[in-house]
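Before any questions on binding or motion, here is one chain by itself as structure tokens, the form predicted alone.
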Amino acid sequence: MRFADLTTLKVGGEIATFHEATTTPEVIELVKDSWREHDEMIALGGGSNLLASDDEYPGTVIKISTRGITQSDAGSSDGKVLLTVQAGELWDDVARFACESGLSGIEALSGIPGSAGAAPVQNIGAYGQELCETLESIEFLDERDGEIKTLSASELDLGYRTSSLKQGRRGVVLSISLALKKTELSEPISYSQLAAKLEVELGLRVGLAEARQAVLELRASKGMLLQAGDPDSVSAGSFFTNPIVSENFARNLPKDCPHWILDPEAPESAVKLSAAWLIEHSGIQRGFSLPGSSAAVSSKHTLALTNRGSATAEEIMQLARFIHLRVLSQFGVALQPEPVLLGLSL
């Protein structure tokens, strides 16, 4: 088995030892066995947020394919419906289930590739919603002591595309629990592009099915929806995160550079910039590729790096490094990769 067979970028080398687990007891047994043997080990979900080296991976990969979604009115905060999801469920299946069940809170997260278990690692977000707004807790197999623990969302240090699970807390997510609202209407639309697509004003609500469909269409228009026959979707989604800089630094950028103050009431608030704008205004356009390379910037969105059919992991990284250097030299901003890099560095 190769990472190229398991990831949405379709690159990456051979895997020394591979297992697929379809039940939680299987996951626990395989993971604990690997820990006891002191193997290098990766728990893999949908493979949508991983760029692995072309070299052989000497350790163990455990693909988590557990399934199951249950809902309960008990145990959640504020009387919301608690949705408990096994880690191997595909995230978009969870979003669809919620919308079809009349549960709001994750409709704007529709179409995001990957698994439910990976969602809290990145604190996934899109179109004005983030997982941290609805995540209640996770069931977690902790590497430190081998125990299964329930960790509340507040224990995960959830931030912009990050969490303690991404920053060094080692273990495996077994399931997640979401606190959602029972309603036929979406959460207030808070993202201007989505509001324009829906032809409503910011702050208004629409039907859940309508909101989900609009999000899926927006993602498809950017190549950010996995679709057979669309070469732009052979990617890891957004390759770079939107940079966070100081307000003082942001003042020195061009006036037309999009930016969002994260905490307007803070004396010196952090500011989020548009990575796509920085890339485009450093001279990198949609469809750009280095000479002789099969890796290319998406023809629909400059944040996605794509495999045009025969790219290697190293070719994708060469393109990423080129973009990184162009943005750094033009604006003094060091873009950070969103996918997990295995055996590679920027």
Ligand SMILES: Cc1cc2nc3c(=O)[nH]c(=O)nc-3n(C[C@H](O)[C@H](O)[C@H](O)COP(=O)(O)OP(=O)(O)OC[C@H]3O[C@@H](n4cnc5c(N)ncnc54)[C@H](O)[C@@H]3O)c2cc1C
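Computed from a prediction, not measured in an experiment: that's the story for all the values here. Residues carry their position along the shown sequence, with the first being 1.
A second form of this protein, the form predicted in complex with the named molecule, is not displayed here; the remarks below concern that form.
- Taken together, A118, G125 and S235 are fully in contact with the named molecule in the predicted complex: each brings a heavy atom within 4.5 Å.
- When the named molecule is considered in the predicted complex, R161 lines it closely, a heavy atom lying within 4.5 Å.
- Proximity of I106 to the named molecule in the predicted complex: non-hydrogen atoms within 4.5 Å are absent; the residue sits far from the partner.
- Though the partner is left out of this view, L273 does not reach within 4.5 Å of the named molecule in the predicted complex, counting heavy atoms only.
- Although the partner is absent here, R212 lies well away from the named molecule in the predicted complex, with no heavy atom inside 4.5 Å.
- Remark: of stretches 142-150, 184-192, 240-248, 220-228, the one touching the named molecule in the predicted complex is 220-228 (heavy atom within 4.5 Å).
- Contact with the named molecule in the predicted complex, judged by any heavy atom within 4.5 Å, is made by just one of I64, A313, L278, V297: I64.
- Note on contacts: among S48, S282, T60, S53, the single residue with a heavy atom within 4.5 Å of the named molecule in the predicted complex is S48.
- Contact residues in stretch 30-44 (any heavy atom within 4.5 Å of the named molecule, taken in the predicted complex) are I42, A43, L44.
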